[in-house]
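Before any questions on how it binds or moves, here is one chain, the form predicted on its own, in structure tokens.
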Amino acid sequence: MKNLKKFAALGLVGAMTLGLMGSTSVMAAGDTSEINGSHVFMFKSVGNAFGVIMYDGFSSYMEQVGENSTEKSPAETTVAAQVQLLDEAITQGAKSISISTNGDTGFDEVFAKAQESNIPIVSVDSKASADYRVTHNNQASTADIGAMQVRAAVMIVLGVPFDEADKSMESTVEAALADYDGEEIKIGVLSAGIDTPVQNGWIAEMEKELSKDMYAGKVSPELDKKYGDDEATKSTTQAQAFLAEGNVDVIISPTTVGIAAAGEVLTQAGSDIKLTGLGLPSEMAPYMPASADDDEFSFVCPYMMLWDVSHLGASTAAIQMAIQNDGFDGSEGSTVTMQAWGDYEEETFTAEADEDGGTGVLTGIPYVFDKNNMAEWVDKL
């Protein structure tokens, strides 16, 4: 993960606090209360820490290039709530729309309205339909995220530390399983909504990973899936269900809300069930090792992963600016140039064909947080 020290300079801790207290629409500095002429950023729900940090990067980049931005995220994690706010944003003259969708379907009418109004749609984190988006901003490849979460889960059950020399963990988990002759390891997944595209894509890749020969007879190919809808209360209830059922050895939660809820439930219960997935160090600190001297396996979550969330927001803004100023149309092979931002030098991203018939731009990679780096990031992300 490249030059993440920019988080401190951007004051993300303060941004998170402000975002968690905010309403359904948060204006960037210098904006009026009108959407007219602003670039709209919409996450799954207002106050979600992941979305707050992403918007911080988005608005920071827009401010740097002299553009106004607005966050307009719904109170409820539903397609209907997003559609209502999208319709309002289009009617009020949004300059562009960047969105992490709450589902695969239900957006056609409002996205068509945006197209008719010449408002470009870029999806990020969770895809919008290829029929309506210019492109999708991928934080990391779907295959890598899904496979790496499975590998981390298996290694944690086996008591194998993360090795920085094997960032993908593939050779490490293969070697560990070769020596394993215990009972079949069972994995649970605490995801967001049952129809959330991004998590479902990662889960599909988890299942593909588990179909490899090295897992046969050693790790169950069946994932026990539960859904918390990215709501803290529901995610807590689902984590408690895993605890009560006692059917899994480890939980993967590919959502910052779910992993924090599971961390609290498992820690309070003193459970032997372990945890990994995608989380924010600031939210996961109570459940993870804090220094290299700690025994990571005495904590419920020995290690987890994420990516540079603020950069993901900034690169989404750069894509919108490339559409506005450089004729970027999202076609395969077309490129986006992102200005130097924070500690990042100028970058170029290329649109590549996606399996849904649209294109995607890859702007990040998974990064593992463990006992050797948690202290560095707990106050920054």
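Only a predicted model underlies this, so the values are computations on that prediction, with no experimental measurement involved. From 1 onward, residues are counted along the sequence shown.
Beyond what is shown, the protein has a form predicted together with a small molecule; the following relates to that form.
- Here the chain stands by itself, but in the predicted bound form one stretch of 315 to 323, 61 to 69, 47 to 55, 336 to 344, 47 to 55, has heavy atoms within 4.5 Å of the small molecule.
- A heavy atom within 4.5 Å of the small molecule in the predicted bound form is found for exactly one of Ser98, Thr255, Thr276, Asn137: Thr255.
- Listed residues Gln199, Ser73, Ser123, Ser235 were compared with the small molecule in the predicted bound form; Gln199 is the one with a heavy atom within 4.5 Å.
- No member of the trio Phe162, Asp308 and Trp377 reaches the small molecule in the predicted bound form with any non-hydrogen atom inside 4.5 Å.
- Of the heavy atoms in Phe43, some are within 4.5 Å of the small molecule in the predicted bound form.
- Among residues of the shown chain, Asp230 is one whose heavy atoms approach the small molecule to within 4.5 Å in the predicted bound form.
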